[in-house]
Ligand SMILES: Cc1ncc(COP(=O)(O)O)c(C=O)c1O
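Single chain ahead, by itself, as structure tokens, in the form predicted on its own.
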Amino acid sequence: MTEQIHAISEWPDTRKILDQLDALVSQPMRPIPRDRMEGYLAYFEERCKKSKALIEDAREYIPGGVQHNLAFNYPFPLAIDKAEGAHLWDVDGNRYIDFLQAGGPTLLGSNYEPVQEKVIELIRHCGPSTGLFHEYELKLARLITKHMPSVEQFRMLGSGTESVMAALRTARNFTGNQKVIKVGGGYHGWSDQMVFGLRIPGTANLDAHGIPMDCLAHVQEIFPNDVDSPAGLRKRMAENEKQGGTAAVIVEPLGPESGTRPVMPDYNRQVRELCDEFGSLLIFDEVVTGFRVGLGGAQAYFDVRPDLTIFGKCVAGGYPAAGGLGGSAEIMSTLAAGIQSGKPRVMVGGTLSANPLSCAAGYYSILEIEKEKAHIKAGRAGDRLTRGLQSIIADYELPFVAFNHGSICHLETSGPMLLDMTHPNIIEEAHKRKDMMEEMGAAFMAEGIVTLAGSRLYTSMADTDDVVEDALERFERIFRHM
């Protein structure tokens, strides 16, 4: 029997999932009954009073009251006091099953003690940052190049957004071309040129407020899984060839928004072949999939080698300043630091990039993932959770859709990001479905489950059978009344 090396035990039937998602958004919504929803909202007023008071005070000093997009929860954000393993505790003492896992990076579970001890030891010895070289920069880079098939050299940066900026700049400098193609609906950070085609394919610059249109002049959008249609990737790249060529195609290898719109299993290979045909670079955004899909990322799972790989989140194991860019030595040598002048160099910076704290945290986190096979354990937890959700959905004859790629799980109940831009009332419908998604997220929270926006769940090594069974009982209490 072949030993499992990836978190994804079996690739799901993509066509079936896409058909189910289409069916979900083509029929009326099935929200939580109003009386039940009022009961869930009462939970926040009665059990989360300290959180509410803190957020009300914070709104005077912080826009919206919180600093991170993941924290904008309905009816108000919760203030978290403690994180450990599979659970979170808020300032009122309420405990939650943590399927957010900081947006994905804490594959080992929150506040994993063996890594924590190494980080504390380093802080006591040299502090979090010196501005100079530290041995852990080398240790982390060597470890990443060991596991990631396409990465010969690695440059640490401060975030996934910074890493995308560096990747696009590097691709344009290396190829001499300007055009960048992304898959509609995908998220690649919030830099000016990537606030394009967000959430719903075909939206183009709809969310690009405060961004000059010139910044988007060389960014293009294609639809997910579309290779050979008249508006597909092949046609777009051929048209670009007449105007100087395509610098890069950037993809999330599971599909936009961490596989919310999943790709066909051969999609990445088709994109690779087109990039080779047209002399363009293929960029994999592995901010979520890096180490979570497997130690070799999604590129090892699909056996497709991108030219550049974007890292974030997991590269520091949940500690701050998590980002980086990797690729071949030929391409990576064009980055500014450490090479002689006189060559066309790509300017990247970041005073706190590759600080000792982040590098040590990433190094020891990856070692622990390797030793504990954390990606496999988290993937199996994702399988159990998804099978349980599918069973509950079927039992209550709900139109909801649950699927997973290992430890990256999706639970679509209203599908606001799955709408088609040709829908006659797209804006109104998207708002209604978003409202329902927020209510579902609030109900999950009131039942003691933290999710990402009520529709995505990340499992970790800490999610034992008992934790998953506990979560399924809580989900069932919500769904039985719908």
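These figures come from a predicted structure and were not determined experimentally. Quick note: we count residues from 1 along the sequence shown, nothing fancier.
Beyond the structure shown, there is the form predicted in complex with the named molecule, which is absent from this document and is the topic of what follows.
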item	value
Residue contact check: Tyr187 to the named molecule in the predicted bound form, 4.5 Å heavy atom	yes
Touches the named molecule in the predicted bound form: Ala322 (any heavy atom, 4.5 Å)	yes
The named molecule contact in the predicted bound form: Asp285, any heavy atom under 4.5 Å	yes
Contact of Glu252 with the named molecule in the predicted bound form (heavy atom, 4.5 Å)	yes
Listed residue (Lys313, Lys377, Lys182, Arg155) with a non-hydrogen atom within 4.5 angstroms of the named molecule in the predicted bound form	Lys313
Contact residue in the predicted bound form, from Thr161, Gln390, Gln193, Asn94 (heavy atom within 4.5 Å of the named molecule)	Thr161
Per-stretch contact check against the named molecule in the predicted bound form, the hit in 366-374, 287-295, 75-83, 208-216 (non-hydrogen atom, 4.5 angstroms)	287-295
